[in-house]
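For reference, the chain that follows is the form predicted on its own, supplied as C-alpha cells.
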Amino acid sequence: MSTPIAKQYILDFEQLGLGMFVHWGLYSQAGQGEWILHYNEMIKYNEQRRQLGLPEEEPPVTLITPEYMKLKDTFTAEDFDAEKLVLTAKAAGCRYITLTTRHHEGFSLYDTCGLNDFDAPHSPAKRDLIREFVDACNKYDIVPFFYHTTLDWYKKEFSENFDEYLEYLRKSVEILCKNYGKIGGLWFDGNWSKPDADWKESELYATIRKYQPEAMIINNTGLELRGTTGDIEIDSVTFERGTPEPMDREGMPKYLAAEMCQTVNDHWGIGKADLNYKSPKELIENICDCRKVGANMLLNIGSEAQGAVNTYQNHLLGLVGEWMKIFGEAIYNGRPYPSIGIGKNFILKSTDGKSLYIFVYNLGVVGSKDVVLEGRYIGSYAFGNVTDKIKSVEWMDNGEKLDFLQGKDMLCVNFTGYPYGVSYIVRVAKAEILE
C-alpha cells in the first residue's frame, strides 16, 4: 500500500498551524454556554418525567422557545469589531479564524438572503457580520473559515421533515460559498446528532466544490469518534478536546490533514461564571503536542454578549502570542520526524529539509538549587532515530550555541537552562542539517 499525495490546498492548511475558533451567537447574551437552550429544555422535560414517575433521559428533540427567541431583539453586536478580533488572532500567532456563522440555535450571523429572517441583518444589529469578518481577514492576511451547524433547533423540519431541512442547509451553505469570496474552508458540526441518518453529504459537499473548489471541508466527529474519517470529500479529521494521534495515511484513498479543537475554559460559548480557564502552559503544550503529530491546533474563545472578547481571554491569547513570536517558525514549518525522545521531548523537520526543531519540555532555570524547580532538568538529552547529520544546534530564543554529539542514528544535545527570569514552558532549539 502507498501513501496518498496531498493536494496543495491541504498542505496549505497544514502550513497554517494555529487557528482561532470563535463561538458567538444569541446564546452569548445568556452567558451560560452555547447549549443553554438545550439544557434548560432538558431540565423542564425531565421535571415532567419525574412527576410521572419516569426516569430521566435526553429530550427527543429540542426546539427554540418564544423566550429564547427574544434574545434576537437585544442582539445589537455593538461591541463587535471585526478588525480588532482579527488583530487579536494575528497577535496570538493564529493564521486562520473559524467563526460560528450559525450554531445549533439556528441564528445566522450572515444575510440568509430570504431563507428566513432569523439572522443578524434582521436583528437590531442590522449588519452582515460575516461580511465584516471576511473583509477584516482579507485585510490582515488571515484565512477565514466558516463554522456551520448541521444540527438546528430553530427549524422544526430538522425533526419533522429531514429532507426538506437538508435542502435548507444546503442553500444556507451555498450562500456562504457564493457571497464572500474565497474562504479557507467550512467546519461542520452536528451530524453526530443523527448518526444513522442519510445526511446527503455528497450533495452538500458538491455545492461547496462548485463555488469553493479549494476550500477545506471539515465535519466534526465529536468526542466519541475523534480522528474518524468520513466522506471522500472530507479534508481533515478532527480531535475535539483530545490530543491528536499520529496519522497513518498508508492505504488511504486521500491524504487527510488533522486538527484538534480546544477551548480556553469549559465552554465554547462564553460562560460568565466559568472561571476554569486553562493556563498558558497547558495551551502552549497543546499546540506543541498537536504539531508533534502534524495536526493543526484550533483554539477557541467565546465572545461576550455583543461581540467583545473579554480581558482575560485577550491576555491569555497575548501570552500564547509571545511564545509564538519566538518559536512560531517551528510550529508553522515543522513536520513530524520519526525520532524518539525522552519524556515529551520530540523533533520536527522543516518543510525545506534544512533544519530540525528540537522541542524540550520542563527545562530548568540556571541558578542555585534554591531557584531550580523540582522536576526541571538542565543537561544532556538523547534522541534516537536521528538519521540526518547535524552541523550545529542553537536555542531559537537567544541564538546560544549548544554542544552536541552524534553517533549512528543517535543525537545527544547538552541543553543549557533558561536564563534566570525566563521560562518559555516549551523551549525549542534549531539544528542545522549538513547538506
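Residue indices: 1-based, along the sequence shown. Just so it is clear, the structure is predicted and the values come from calculations on it, not from any experiment.
Although not depicted, the form predicted in complex with a small molecule is the subject of the following passage.
Between the small molecule and the residues Y381, Y45, Y377, W35, the one pair within 4.5 Å by heavy atoms in the model of the complex involves W35. In summary, among the residues K292, H104, K349, K72, the only one with a non-hydrogen atom within 4.5 Å of the small molecule in the model of the complex is H104.
Stretch 188-196 is the contacting one of 188-196, 154-162, 81-89, 309-317, since its residues have non-hydrogen atoms within 4.5 Å of the small molecule in the model of the complex.
The small molecule is not shown here, but in the model of the complex it comes within 4.5 Å of a heavy atom of E240. Although the partner is absent here, C261 sits close enough that one of its heavy atoms falls within 4.5 Å of the small molecule in the model of the complex. Not displayed here, the small molecule is kept clear of R427 by more than 4.5 Å at the level of heavy atoms in the model of the complex. With a 4.5 Å cutoff on heavy atoms, W24 does not count as touching the small molecule in the model of the complex; it lies far away. Residues N286, F327 and F359 are none of them found to lie within 4.5 Å of the small molecule in the model of the complex, as judged by heavy atom distances.
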